[in-house]
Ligand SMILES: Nc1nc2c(c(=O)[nH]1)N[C@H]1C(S)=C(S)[C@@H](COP(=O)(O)OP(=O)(O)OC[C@H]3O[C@@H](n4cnc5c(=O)[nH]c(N)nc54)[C@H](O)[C@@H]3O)O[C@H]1N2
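In the block that follows, a single chain appears as structure tokens, in the form predicted alone.
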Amino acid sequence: MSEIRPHAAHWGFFDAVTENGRLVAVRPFARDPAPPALIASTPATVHSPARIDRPYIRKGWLEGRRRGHLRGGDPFVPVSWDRVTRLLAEEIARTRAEHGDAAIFGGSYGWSSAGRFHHAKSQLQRFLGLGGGYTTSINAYSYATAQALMPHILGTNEVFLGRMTDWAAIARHARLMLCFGGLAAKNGEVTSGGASVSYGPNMRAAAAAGVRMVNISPYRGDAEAALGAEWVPIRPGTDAAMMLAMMRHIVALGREDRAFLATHCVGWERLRPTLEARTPEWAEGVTGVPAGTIRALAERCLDNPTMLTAAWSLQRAEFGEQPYWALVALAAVLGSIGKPGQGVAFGYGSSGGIGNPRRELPGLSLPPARNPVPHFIPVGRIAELLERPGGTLFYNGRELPLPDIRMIFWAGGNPFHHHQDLNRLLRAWAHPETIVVSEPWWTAVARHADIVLPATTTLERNDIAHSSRDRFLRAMHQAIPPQGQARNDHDAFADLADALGYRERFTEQRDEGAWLRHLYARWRAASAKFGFDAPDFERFWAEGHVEMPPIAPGEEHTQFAEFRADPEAHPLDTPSGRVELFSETIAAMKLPDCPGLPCWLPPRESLLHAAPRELHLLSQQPPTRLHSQLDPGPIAAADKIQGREPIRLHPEDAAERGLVEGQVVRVFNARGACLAGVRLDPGLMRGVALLATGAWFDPLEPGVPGALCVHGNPNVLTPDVPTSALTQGVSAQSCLVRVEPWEGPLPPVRAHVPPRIEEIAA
């Protein structure tokens, strides 16, 4: 007999169909007009051979090979939950007593679950905070540069994270939308808290309403064919140069919005002289975009109501501050900020729900615990943290101390997916004495751990999915029993807290069901203050979802509208209260890699100074999985070439290297090498290669820095350098590589099978 239960994931809402304790199928949420294809990978992934069936400890750790030992090559020893709980509690207590609370790093970066109670990072950091504290990380790999920069320029991060100008306003008022980095539909099918509807239908409705979209990107595929977007190929990492040249042309025409610049901005008198040499002809030599095209786009922006946007990926490059700051400046020169459906915002094509019309309602989440330890790092600087104990790191005007990390505790994420220069990370990963990972699958971070705790998937527990960008709150009913000896993080941490003497403070005497009712009641009470009367928990749980009040027909939202109407009454949260085209705060830091105004700084790795036969490698979010999640699933597997991740090449670039469709190649630079399968794509700019992120790191020689990744993980190639000292973001998109045929037998891909296991006496 089949059972059907409501559920949710980052890649959509669905109903789980089970038979005899197994997930056999998924059915899309009935209210989703365009269900994401990725939900079909869920059953195979949940029941994958890569699942961790019980607790394990690295054999070398048990034998005393700890600090200074390269991880990844040792076998693992199975242990009982009682033993691993006892050993881990003793190790946490010892680390705190001998080295202090700051010696524990609780970064735990990753999406983990659409459910808000069983959100792994929240559970872990609550556990560590109540136990004495931990060193942590801030910001996100996706947009760390923008998180540090935008408060200086616009006084808010709402311009890429919050309630941005919605698609309804864009469709009604804009007639041109310049999309630097494209407007990829695939990214709209995933979002961190789960979503019932992507932004795809609203994006297409805007195009159908007459908004002409321009895809300014090295890749034609960054805008779907249904949009009818114009394609303007541009060299990677040169967008800021094009934006400066567009401003230069507008000024040359005498058509800059002088009134807006005078009343709503500061620093125009500092920025304008720097534009003199940034002509369209100069920009053509940098960007590869013809000067005539640059002039024409600038004039079209002047003649049409225009929305400007840039993908999150643009700021994930060396000097990634500059295109974001320059795009704000271009919007200011046009005087479009705050006009209905116009202005500037970031990430419309970067994550699900962005730009979807919605009402403001409170969020639902597990209450955090205060962290008594003040130390933190920007998220992309973990290797530096481990390499330089006792040192300092400049970040956003501060000198951050780098504690001596003796223990890492990770849950619900995979730094061997997100981080750059994985060989550097592997060497730095040897510094701590103990690394603990809670994870459902044998991902690379689990393989490089000392203590491995088998975690349940979302299908094996009850939860509530919620995203501020979606109008549904979704019940996540447990569909199957825990697989093997897997446990949810809350129960595992509760037992650890018990061994350490603070179970009651961690659990607040609530089990899973009581927590869900408590969190829902808090959300329901908070929603009532916004005028929304949500149903009681029993009705919500039985029906499987709550629908928020819809936006009324004709209702729309434009960001910065109040500021535009009256900048004195509604100032921005910047030092001047205005748009900062020149920032005294940033200028005072005297940073050579981020001056006090937007400018052009050539990245160290770029086609502008590439050696012969070098290609610029871009790593994108794939359509076949979310980050590295679902990589063991059938959709990701079907897209691979001889088991390797595809690398897209222009046919002429491939021909120059003697490469053909479907051939396995070695992609390499001084940092590392990986195997990939050739896929020819004439919609890719010459000189550019495209290799998606998320193929599980699979070194030919585990635990050996520099070993060939046989599976195609691009982060063995990407540089681990900051965007600038101001923001310390990641520079994955500034990467040069070479590609050559792979000679000899193909090594097996072992990423989705367990590592070596040795059964020994306890």
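Everything quoted here is computed from the prediction, not taken from an experiment. A residue's number is simply how far along the shown sequence it sits, counting from 1.
What follows is about the form predicted in complex with this ligand, which we do not show.
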- Even though this ligand is not shown here, does P646 get within 4.5 Å of it in the model of the complex, heavy atoms only? no
- Item | Non-hydrogen atom contact A103 with this ligand in the model of the complex at 4.5 angstroms | no
- Heavy atom of A169 within 4.5 Å of this ligand in the model of the complex: no
- Message: If we define contact as a non-hydrogen atom of the residue within 4.5 angstroms of the partner, is T723 a contact of this ligand in the model of the complex?
- Response: no
- Item | Stretch in contact, per heavy atom within 4.5 angstroms of this ligand in the model of the complex, of 24-32, 704-712, 64-72, 729-737 | 729-737
- Query: Since exactly one of I52, V46, I57, L38 fits, which has a heavy atom within 4.5 Å of this ligand in the model of the complex?
  - Reply: L38
- Students should find that, of F582, W312, F376, Y395, the residue having a non-hydrogen atom no more than 4.5 angstroms from this ligand in the model of the complex is W312
- Task: Any residue of 416-430 with a heavy atom within 4.5 Å of this ligand in the model of the complex counts; write them all down in order.
- Result: H417, H418, Q420
